[in-house]
Every structure is written in structure tokens, then in C-alpha cells.
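Here's a solo chain for you in C-alpha cells, the form predicted on its own.
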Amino acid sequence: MSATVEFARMNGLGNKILVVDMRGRPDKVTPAAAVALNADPQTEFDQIMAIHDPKADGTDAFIDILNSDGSKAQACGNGTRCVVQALAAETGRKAFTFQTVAGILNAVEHEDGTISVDMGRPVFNWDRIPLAEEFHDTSRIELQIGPIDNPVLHSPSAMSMGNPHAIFWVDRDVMSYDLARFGPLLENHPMFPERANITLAQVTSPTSLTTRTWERGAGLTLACGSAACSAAVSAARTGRTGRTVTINVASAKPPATLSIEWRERDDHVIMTGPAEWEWSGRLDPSTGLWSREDTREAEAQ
């Protein structure tokens, strides 16, 4: 078995993704390798999407997801779109079915290059999100940061999109809040026994939101697909918007959008957006040592 495997540096709306090909191997990308890769500015990432051989009938691959701190993630919508683009380029296929620890994901690449991922049904039960306290209505939970009589953020909508999310509704520019300071406090708040993704969301019209996210295990991120899905579902759930919205990701560079539909017939959340290949290389999944190989560029010359 080779000591190294192929990987691609990609992004989904600026969300930094490493897609690692672990097919045909029994080992995994280790937390130590993830931390080492994230420590290098050239391979710094938000999530690793490690593609493994399928474990379930009817699926194309099992996706193991790691955060930049080496911890496991249950879902990553932007990363899933990157996996689809990589496998579509390799196989010529357009539709894929993946298994993750959070369940089954179906995805398709469209003719315009955008990719739709069926993220499944949202979860609202307090003990399945999970929260540390019982709430009969998780669309507005008791949680705030700042002075009691004048909190900076308060009363978020809580839910799971395969991973726990808290959506704080704000009435001014999401970039005007010091999320770098509040984010880690809220991510690690005792209310969230498995930690949580923290999103600021501003409703800009009945069909659009602007968001910014502090991502569990990754910190400030340029984009987070499952957070965008959670914001869209929570907006519809609280009557702020309808079930189909455009998410303007404020921190994406350049600014970009995702289309989110909370489908009425089955309550599945469909996320549609782009993915972008940057460069490729090889890495050691046990140590994180890597080398660069721009094979696509070489083939194009």
C-alpha cells in the first residue's frame, strides 16, 4: 500500500476543502495529519472530505469528514459539492449517492456546473440536536451573550442539519458583529454538549438572507453549507421567509450565493451552489506530509 494518496485543494464559496481519495485503503486520515495540514498556509482548510469505499449497498462512497482541529464532522454541504465535482470529472457521471455518519446524501451536477445536494430532513428535537436543556420549541431557545438588559445576541433558533446549529437573528450587517470574539464562547457554551455551529442571519427580503458563520471545529469560515441550510429552514420555520430562499454568504470571497429549498413534499433540504478545483497533490494520511501535483493544469497544456 502506497504511503501517499491523491488529494485536491478545492473550495465551495470560499469554504476551504481538501478532497482526499482513500478508496482501496483500510486506513483513515488521522487527526494529527489534519492538524498538520491545517498548520501549513498552503493546505489550510475548513474540512477534509475523505472518500472511502462504499459501506452500504446502493451508495458510491463513504465520506469521512474532519474539521481543521482534527475533530469529526457529521455533515459538510460545501464539501459534498466539491466531492461531486471531483468524482464527476473523474467518471463523467452526474449523479451520486454518498453515506456519511449523518446518513445518506444524494447529489447531482447540473449542466451549468452548479451542484445540488439533498441534505436530508432537519431535526428540531432538543435531545437530538442535541441541547443540554429541554425545549419544547427549539425555534427560539433561551440563550444570550452580553448584558442581561441589552444582549448583543439572543434567542437563537436551534436545529440539526446532521450537525448542531444555532441561528442568531440580527437586524444589521452581519459583518458588523465581532463573531471572532463571540463565536468560540457560543460554540463551546454548556447548552451545546457536542458544541455547535454559530450563525448570524439577517433577513433581507421574503426570499433572501445574509449569513456569517463561526464553524464548529474550524472557526470563522468564508462559507458553511449546512449553516446556510439551517438558516433557511429556521427562517421559514419562524415565518421570516418562505421555504425557498437565496443565501448571500457575506464572508465569501468574492461574495456568492446558495439556493436553498426546504422541499414541502418530504421536508428534505436541497442546497444548490458551485464548487471550484484549485490544485492537486499527494499526501500521507498518517502524518499530513504533502507534495503538489497540478495534474489538471499539466493535462490542459
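Each residue number is its position in the shown sequence, starting from 1. These numbers were taken from a predicted model, which means no experiment stands behind them.
One more form of this protein exists, namely the form predicted in complex with a small molecule; it is left out here, but the text below deals with it.
Peer 1: In the predicted complex, which of the listed residues (75, 200, 82, 159) lies with a heavy atom within 4.5 Å of the small molecule?
Peer 2: None of the other options qualify; the answer is 75.
Peer 1: Is residue 212 a contact residue for the small molecule in the predicted complex, using a 4.5 Å heavy atom cut-off?
Peer 2: Residue-level check for residue 212: no, no contact with the small molecule.
Peer 1: Considering only heavy atoms, tell me if residue 225 and the small molecule come within 4.5 Å of each other in the predicted complex.
Peer 2: Answer yes; at least one heavy atom of residue 225 falls within 4.5 Å of the small molecule in the predicted complex.
Peer 1: Is there a non-hydrogen atom of residue 257 within 4.5 angstroms of a non-hydrogen atom of the small molecule in the predicted complex?
Peer 2: Judged by the heavy-atom cut-off of 4.5 Å, residue 257 is well away from the small molecule in the predicted complex.
Peer 1: Quick one: does residue 67 come within 4.5 Å of the small molecule in the predicted complex, counting heavy atoms only?
Peer 2: Close contact exists here: in the predicted complex, residue 67 approaches the small molecule to within 4.5 Å, heavy atoms only.
Peer 1: Of 214 to 222, 103 to 111, 89 to 97, 171 to 179, which is the one stretch near the small molecule in the predicted complex, taking non-hydrogen atoms within 4.5 angstroms as near?
Peer 2: Heavy atoms within 4.5 Å of the small molecule in the predicted complex occur in 214 to 222.
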